[in-house]
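Form predicted alone, single chain, as structure tokens, below.
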């Protein structure tokens, strides 16, 4: 089968046809496949998956069409945010995985007669529970590092975008991935809960905070390690020296791409008071010019639409001002919406994730106040800082409690850079995808320590204890704390000399 031959993703069953997965059989297949896969070297696993990038690139149109049809996003966003990012991710991970996951030697100053190395071991069977808002790139960012690390993967895509998951399975199959190593199981939250009861060795979840709590609680029963990438009420901080036109254009796109249905979309604008009114006016003008048919994405379903309605109603009840937007049009679409007003910081549109094309603007007077406004939220996924002063922007960024900060750009763009770790803090979750951290997260560390030369003598710190041992250990502590390599080496040698007489102690104890 050639790279350019059309994809043959099978239609997923209807809700009426779906049955709960036979977890025991699914896991048995996965564990058998994983045993064989893990015996391959990381170089061989990387070579097996290396064709993936070119396969994805060869099917740009088909992949974009499927994503746009299932998700409703503009086709250009499907290409830019998912296909391009997927190609970059596949190329990067397959290239660097052998270096990142290879064994590493570690020096042991206290025990120079011993050697040690750290090896990365696969968890075993990884359950990846993926969302609907980025239905191709997010599950791929869960699946690919897990496979490279030597795991088998059970992928449960969102029931709202099921074929995107099937697409990943077909592409990896074309790379020659062994049967059973990646299984796609379709269904809703009940199916995910049943799979967790099957006791995978690691769970990766991307989705809402509420569902993340349920996943974490279910995993705690066994326990199963879990990585969570949850929501956010991400902020854009605009200092007084920012480029007004540049920053307002960034704000409009950052708040509305994918219909605002991204964990890293801008939901809060923290704008210096000297710019606030002009900034709000320019954002409102640019929001009004977003094309409703070509550039605006609908709510994924009625449940998401109801969240938008509820938050807008709460803003009205709180006497906030809808500067522009707030109009429901067409098929589940909301016009880009900008809200301001006193007391905005206590409203649901500021404190809770709207996950829609809605953003709230508040003024600030000092950088310290901007940091406080940003950090008062429970979330911490991404943030942006816009400023004409690079030093001040860096200083401000370093004080923000968030996983990713982008200066003079929208932080969402960082997701397309596979070299950078992605994840949050607080209620935005923990664990990382992408970058070195994402590959390491797909493994656990095993220490293997051994003698450099045979020394089968009883260790001085074994029984019996006594004053000579106390004195020798105290000398060792002082030696380790010494400044300077020469001084430390001299003291360690002296401490070692004090230990030598203890080697001849009674071997029977």
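Quick caveat: nothing in here was measured; it's all calculated off a predicted structure. Residue numbers count along the first chain shown, from 1.
Unshown form predicted together with a small molecule; subsequent notes refer to it.
Exercise for the section: Just one of 203-211, 275-283, 238-246, 310-318 has residues with a heavy atom within 4.5 Å of the small molecule in the predicted complex, so point it out. Expected result: Of the options given, it is 203-211.
Problem - Non-hydrogen atom contact residue 303 with the small molecule in the predicted complex at 4.5 angstroms - result: Result yes; residue 303 sits at the interface with the small molecule in the predicted complex.
Problem - in the predicted complex, residue 215 touching the small molecule (heavy atom, 4.5 Å) - result: Although the small molecule is absent here, residue 215 would touch it in the predicted complex, with heavy atoms inside 4.5 Å.
Handout entry: is_contact(residue 158, the small molecule) in the predicted complex, heavy atom dist at most 4.5 Å
Key = Within the cut-off, so yes.
Exercise for the section: Decide whether residue 356 counts as a contact residue for the small molecule in the predicted complex under a heavy atom distance cut-off of 4.5 Å. Expected result: Outside the cut-off, so no.
Handout entry: 171, 130, 411, 140 - the one with a heavy atom within 4.5 Å of the small molecule in the predicted complex
Key = Partner contact (heavy atom, 4.5 Å) among the options: 130.
Problem - Option touching the small molecule, based on a heavy atom within 4.5 Å in the predicted complex, out of 193, 373, 290, 425 - result: The option sitting close enough to the partner is 193.
Exercise for the section: Check, residue by residue, if 52, 124 and 150 all come within 4.5 Å of the small molecule in the predicted complex, counting heavy atoms only. Expected result: No, none of 52, 124 and 150 comes within 4.5 Å of the small molecule in the predicted complex.
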